[in-house]
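Heads up, what comes next is one protein chain in two forms, each shown on its own as structure tokens, labelled structure 1 and structure 2.
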Structure 1
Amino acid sequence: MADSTLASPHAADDEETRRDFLLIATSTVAAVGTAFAAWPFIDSLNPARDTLAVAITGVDLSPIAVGQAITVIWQGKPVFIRHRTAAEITAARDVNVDQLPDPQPDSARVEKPEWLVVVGVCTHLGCIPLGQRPTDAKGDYGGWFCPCHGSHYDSSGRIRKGPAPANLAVPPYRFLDDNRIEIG
């Protein structure tokens, strides 16, 4: 006698299809839920808004007279911007680069010869060199002088004398026009 409780042969296929659908739907919901739960942690790895705000600094150069220097803050560091005189440009170009502790020609440090833009942090121990104010000691080479350990920089920000191992760093910058730059 045949068992009337046995399902038709198509019932097994319907059961497998429903099981596959439930497995796929549950997996999809779990994946989306995991992504939503993980997003705050992933997003926390991005830089903070205040960090992004200082990542790029715009500077108007028009009020800076020839021979004058200003200091702006970029990424929490002082950046020295000097409108160099013709004498400073000539002195910076006429240096024998082979005799420098960190040889670098002036042309590699500036985009326009009359404007020098350097990070104002001594490369020896991170002090802030003097030379931005007209009354500051500018060192033996007319640039900057770090009184903490006696490093002397020239008008191109190159180390000339003292314990500093490298030139003042040149930050990434570009001229937007003749009177404006963007640092960063």
Structure 2
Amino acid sequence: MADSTLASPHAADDEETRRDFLLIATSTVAAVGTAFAAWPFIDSLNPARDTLAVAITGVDLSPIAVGQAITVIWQGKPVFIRHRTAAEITAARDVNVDQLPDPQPDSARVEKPEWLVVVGVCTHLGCIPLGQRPTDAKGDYGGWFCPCHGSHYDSSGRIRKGPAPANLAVPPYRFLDDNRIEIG
């Protein structure tokens, strides 16, 4: 406070510059601090450690007979696992891939041809398609049919007709042995 010598205009300029510099430096440091302080609040809304710990689901495939399907819960979503018949596999392969709305060969969607594993959430607006139970409508292509807005999926879970823009998603999974898979 004793150093305020406003004798010459030059000194006043100097004073001004130093003040501006200090103001900018302090504001920058404070802004950086505030940005860092926001992170814990944002990150706390991400999945917690206990949620992440149950993000992997193991499934025993041995009880599923050929032609049958089961639904398991993985990360709060239904996953369709279908033990496909030879006819279904052939139907899935026997398609002109280029003409599909979301071109993808069947081989890119399965680990083993007889097992189809897809996330059972319609890619249109998130309804759960029908086709799991024997009595369900399976749609025009022998896969799944979404009752909400009429999307038809084939036996490879690919979108064939209707408003959905993409095929049913294939979750990350691996075979632990012939009869067990781990999703996640």
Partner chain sequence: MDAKTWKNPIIAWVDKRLPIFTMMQHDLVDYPTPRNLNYWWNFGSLAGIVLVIMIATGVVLAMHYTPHTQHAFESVERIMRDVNYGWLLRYLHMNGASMFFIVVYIHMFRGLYYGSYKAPRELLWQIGVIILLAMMATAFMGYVLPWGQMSYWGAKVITNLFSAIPLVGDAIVTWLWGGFAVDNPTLNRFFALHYLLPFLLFALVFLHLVALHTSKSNNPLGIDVKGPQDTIPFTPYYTVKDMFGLGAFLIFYLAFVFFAPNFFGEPDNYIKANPMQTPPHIVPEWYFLPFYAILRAITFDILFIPAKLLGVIAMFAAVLVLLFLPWLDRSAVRSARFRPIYKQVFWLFVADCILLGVVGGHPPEGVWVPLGQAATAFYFAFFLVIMPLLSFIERPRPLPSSISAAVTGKGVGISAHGVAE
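Whichever C-alpha set is largest while still superposing within 1.5 Å between the two forms counts as the rigid core. Everything numeric here is computed off the predicted structure, so don't read it as measured data. Here, residue number means position along structure 1's sequence, counting from 1.
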Report summary line: Output row: form predicted together with the partner chain located in structure 2
Requested in this report: Please say whether, between structures 1 and 2, the C-alpha of Ser44 moves by 2 Å or more once the core is aligned.
Outcome: yes
Query raised in the report: Does Ala169 show a Cα shift reaching 2 Å between structures 1 and 2 after rigid-core superposition?
Result: no
Query raised in the report: How many angstrom apart are the two C-alpha positions of Asp20 between structures 1 and 2, if you fit on the rigid core?
Result: 33.6
